[in-house]
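Here's a solo chain for you in structure tokens, the form predicted alone.
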Amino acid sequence: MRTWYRNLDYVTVLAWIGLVTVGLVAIYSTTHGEAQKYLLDTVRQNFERQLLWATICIVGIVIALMLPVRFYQKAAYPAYIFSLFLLLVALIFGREVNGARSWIYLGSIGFQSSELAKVGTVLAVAQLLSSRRPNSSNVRFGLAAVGLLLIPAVLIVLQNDTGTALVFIALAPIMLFWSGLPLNIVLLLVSPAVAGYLTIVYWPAALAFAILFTAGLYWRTKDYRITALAGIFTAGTMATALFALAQVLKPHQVARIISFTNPEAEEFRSGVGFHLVQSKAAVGSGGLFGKGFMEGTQTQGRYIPGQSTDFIFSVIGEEWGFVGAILVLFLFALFLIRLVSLGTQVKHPFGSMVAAGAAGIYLIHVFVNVGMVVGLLPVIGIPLPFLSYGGSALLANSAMLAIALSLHMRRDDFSIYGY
């Protein structure tokens, strides 16, 4: 048996260091040079604050690696309850930042409760699903896991942070699939999101998807109940989306949702489509190898709102070009694949589920953020893990990674009974 600290996966740690470093370099570019002339004094300090948070995260990771696996198992539900408490405190007494009342301030130090809630929620869902006995009902545990994810999601929606709430909802099929839920059920859970997206882009494509998906699921299962649910989920989502766009939502809400399909249109370009127009211009102007560090005209001219936070990838695309952007995505791919691999090596379901939950959250963030920056998805407030400016997000994401690494490193300390 290897000494526990020799089990540390240094490839994943190096990938984390690489991603954080890329983020620091990009944030430095957005807050120095010509760009700083257009910034408030507080924004000019983003690089220094992010560097401080990265240092705090390093200390936190070291501490997390020293804690036993039983600590995380016993702390799972208390951490979840504490997360809900923070969400309620932020909802009632929190400060509104960028339209979302999810910030709690202690003096001059503020943290985003919705980011920290991800850690407690992943631990609680992992503990719930790992406690399932072989003869237990999959449906009962599945519904309970979805309930654990929906409670913080609802509280975050009430904070007016729909983007972060969607992360919790999208995490459900990922963790349920990893826990052993049949693929057919997972496909059912995912199908409304696909149908809704296609309805916004081009409703005949959504109709074709609903027909083909329903027929394909029947061919796969020969189960009339699952087939009926497939039709209800897809066609129902399509009908609901069309009705909401036409009758329920206000014009400015509809414009914000559909603007990503053609942000250059006259009615969107100077309003809700402005972010995407500038972001796509930055990414496209970077060419193959980019304009060089601190040489991006869009970046240094501050044409892109939120370029050190949600639109940090546009800075990379402009200054580092297509090659630089692909290398960053490759680093994310290596990081995620490695993390999933660690989950498969931990034979105890709790450690495996934590790794899957953390990987799922990172994957959702990367997929939505990059899709948003290049104009494939609507603009919603989701940062790019480890790269975007934000101490709360960096701390929460690093904490999930540290816990997954610790559970993998001490995988021989788990109970031999699997729960």
Partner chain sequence: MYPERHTGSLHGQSMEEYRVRVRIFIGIILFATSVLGLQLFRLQIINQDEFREVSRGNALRDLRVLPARGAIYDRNGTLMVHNEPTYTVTLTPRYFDSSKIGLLAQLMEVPDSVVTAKLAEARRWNSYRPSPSFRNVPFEIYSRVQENAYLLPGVGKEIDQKRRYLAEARAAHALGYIREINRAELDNLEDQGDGANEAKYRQGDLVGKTGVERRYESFLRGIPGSAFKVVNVHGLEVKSYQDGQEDTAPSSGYDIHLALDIEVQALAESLFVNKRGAVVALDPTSGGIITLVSKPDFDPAVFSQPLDTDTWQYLNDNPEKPLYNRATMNRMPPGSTWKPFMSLMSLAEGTIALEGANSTYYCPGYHPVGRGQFFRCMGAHGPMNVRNGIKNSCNTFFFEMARRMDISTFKKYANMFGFGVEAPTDIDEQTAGLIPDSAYFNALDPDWDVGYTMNLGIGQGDMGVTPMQLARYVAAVANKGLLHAPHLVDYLEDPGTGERVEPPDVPDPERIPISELFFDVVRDGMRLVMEQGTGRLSQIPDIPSGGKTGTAQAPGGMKDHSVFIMFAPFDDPQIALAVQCENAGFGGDCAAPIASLIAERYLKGELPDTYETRFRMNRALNAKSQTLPELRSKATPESATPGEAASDLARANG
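Numbering follows the first chain given and starts at 1. Small disclaimer: the values here were computed from a predicted structure and weren't measured.
From this point on, the text means the form predicted in complex with its partner chain, which you will not see here.
Colleague: Out of G216, G236, G110, P182, which one falls within 4.5 Å of its partner chain in the predicted bound form, going by heavy atoms?
Modeller: Selected option: P182.
Colleague: Could you tell me which one of T221, T240, S341, T162 places a heavy atom within 4.5 Å of its partner chain in the predicted bound form?
Modeller: Looking at T221, T240, S341, T162 one by one, just S341 meets the 4.5 Å heavy-atom criterion.
Colleague: Considering non-hydrogen atoms and a 4.5 Å limit, does its partner chain approach G147 in the predicted bound form?
Modeller: Contact with its partner chain, no.
Colleague: At the 4.5 Å heavy atom threshold, is E48 in contact with its partner chain in the predicted bound form?
Modeller: No, E48 sits far enough from its partner chain in the predicted bound form that none of its heavy atoms falls within 4.5 Å.
Colleague: For A325, is any heavy atom within 4.5 Å of its partner chain in the predicted bound form, or not?
Modeller: Contact with its partner chain, yes.
Colleague: Might G371 be said to contact its partner chain in the predicted bound form, defining contact as any heavy atom within 4.5 Å?
Modeller: G371: contacts its partner chain in the predicted bound form.
Colleague: Work out which of the listed stretches, 23 to 31, 66 to 74, 390 to 398, 347 to 355, brings a heavy atom within 4.5 angstroms of its partner chain in the predicted bound form.
Modeller: Looking at the partner contacts, the answer comes out as 347 to 355.
Colleague: With the partner left out here, if you bring back its partner chain in the predicted bound form, are P152, A170 and P204 all within 4.5 Å of it by some heavy atom?
Modeller: Zero of three within 4.5 Å in the predicted bound form.
Colleague: Suppose contact means any heavy atom within 4.5 Å; which members of 298 to 312 contact its partner chain in the predicted bound form?
Modeller: Result: Q298, Q300, G301, R302, Y303.
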